[in-house]
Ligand SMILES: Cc1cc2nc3c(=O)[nH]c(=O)nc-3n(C[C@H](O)[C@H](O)[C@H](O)COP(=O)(O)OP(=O)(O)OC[C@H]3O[C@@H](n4cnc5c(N)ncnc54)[C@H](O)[C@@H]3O)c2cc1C
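Only one chain comes next, encoded as structure tokens, the form predicted alone.
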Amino acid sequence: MRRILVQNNFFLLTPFDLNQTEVLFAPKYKSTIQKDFFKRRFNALSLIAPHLKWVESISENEFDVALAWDAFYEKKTFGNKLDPIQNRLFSSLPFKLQESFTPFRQLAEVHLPLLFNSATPPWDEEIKKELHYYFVDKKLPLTYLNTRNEMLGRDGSTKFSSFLSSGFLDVRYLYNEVKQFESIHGATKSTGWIIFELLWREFFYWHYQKYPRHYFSKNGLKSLDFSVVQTHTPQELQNMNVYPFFHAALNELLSTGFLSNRARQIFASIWINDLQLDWRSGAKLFEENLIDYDVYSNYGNWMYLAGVGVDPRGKRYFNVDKQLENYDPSGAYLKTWK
């Protein structure tokens, strides 16, 4: 029997007859929370794919087919023995890669279809319920622009990032959901901002393909410097004398495997500017704990905030007190995760 080797890309299994093929799934995880997340997704998929097997490592043979997204982890495991199929809006860029996001977005938007014909529907019941809740029950795309910076609660942002990064939700299917929502309720700045965020995700993927080594360099896009990264244990971080917000965000990250986009930016600014720690060690912390970890967006955003990425303005500094005044005026976030 032919075997298919998989790491972190579930939806790619759909082209194959799973009942006639042995599929070995060996997810890459660093924390218990990440493992538990992948295990839940595995259990959901195994209901319809009885030949799917959970293994802790993969040993190849000459007849194996290796599925991957051509990512950092998969390249390490499979080398050049890949059938790379991307969970991306574009399978290849129909235009020359732009070096910063705004011109990239302007070109990409022109090439986006009204709907993708090849989008893969999700089979995970949890994801189906989340999509129905977000688009039908609560109609949350109507308020996304106003709520996307909220740091607590389900309804502020889409909360689909972990399903996208694990491959359980096809990004083209999510795009179609937004466009179909617009056809019923109208296109607004709010619905457009969801597409905007999907294009940021797209940009970092394609930019990484051009600068794969720079994404792990201390100097980012400026020059290659692979000096040793000093890592920090959770206990060491908890003992650091810094803003209470830092410790609250760290508690949420270690407890749930998730942080809101706003919390990630404030946390990274403290890491880089106040603690003056290597941005790569912060990116490593996120890599080891986020359930929606994506190598491209994670390292791309950390480079961006550290001033060695695609932001021409240089290092970004967030005034923590001002940020909390704007996004946590009642102190609810600090009270929840202190």
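Just so you know, these numbers come straight off a predicted model, no measurement behind them. The first residue of the sequence shown is number 1, and the count goes up from there.
Omitted from view is the form predicted together with this ligand, to which the following refers.
S.K.: Can you work out whether this ligand is within 4.5 angstroms of a heavy atom in all three of 144, 265 and 286 in the predicted bound form?
M.R.: Judged in the predicted bound form, 144, 265 and 286 all sit within 4.5 Å of this ligand.
S.K.: Just one of 135, 258, 211, 173 has a heavy atom within 4.5 Å of this ligand in the predicted bound form. Which one?
M.R.: Only one listed residue qualifies here, and that residue is 258.
S.K.: Going by a heavy atom distance of 4.5 Å, is residue 226 a contact of this ligand in the predicted bound form?
M.R.: No.
S.K.: Spell out, yes or no, whether the shortest heavy atom distance between residue 204 and this ligand in the predicted bound form is within 4.5 Å.
M.R.: Because a heavy atom of residue 204 falls inside 4.5 Å of this ligand in the predicted bound form, the answer is yes.
S.K.: Are any of the heavy atoms in residue 292 no more than 4.5 Å from a heavy atom of this ligand in the predicted bound form?
M.R.: It does: once this ligand is placed as it appears in the predicted bound form, residue 292 has a heavy atom within 4.5 Å of it.
S.K.: Tell me, yes or no, whether residue 246 is in contact with this ligand in the predicted bound form, where a contact means a heavy atom of each within 4.5 Å.
M.R.: Looking in the predicted bound form, residue contacts with this ligand do not include residue 246, since no heavy atom lies within 4.5 Å.
S.K.: Pick from 180-188, 135-143, 217-225, 158-166: which stretch has non-hydrogen atoms within 4.5 Å of this ligand in the predicted bound form?
M.R.: Of the options, only 158-166 has residues within 4.5 Å of the partner.
S.K.: Within 175-203, which residues have a heavy atom closer than or equal to 4.5 Å from this ligand in the predicted bound form?
M.R.: Heavy-atom contacts within 4.5 Å come from 197, 198, 200, 201.
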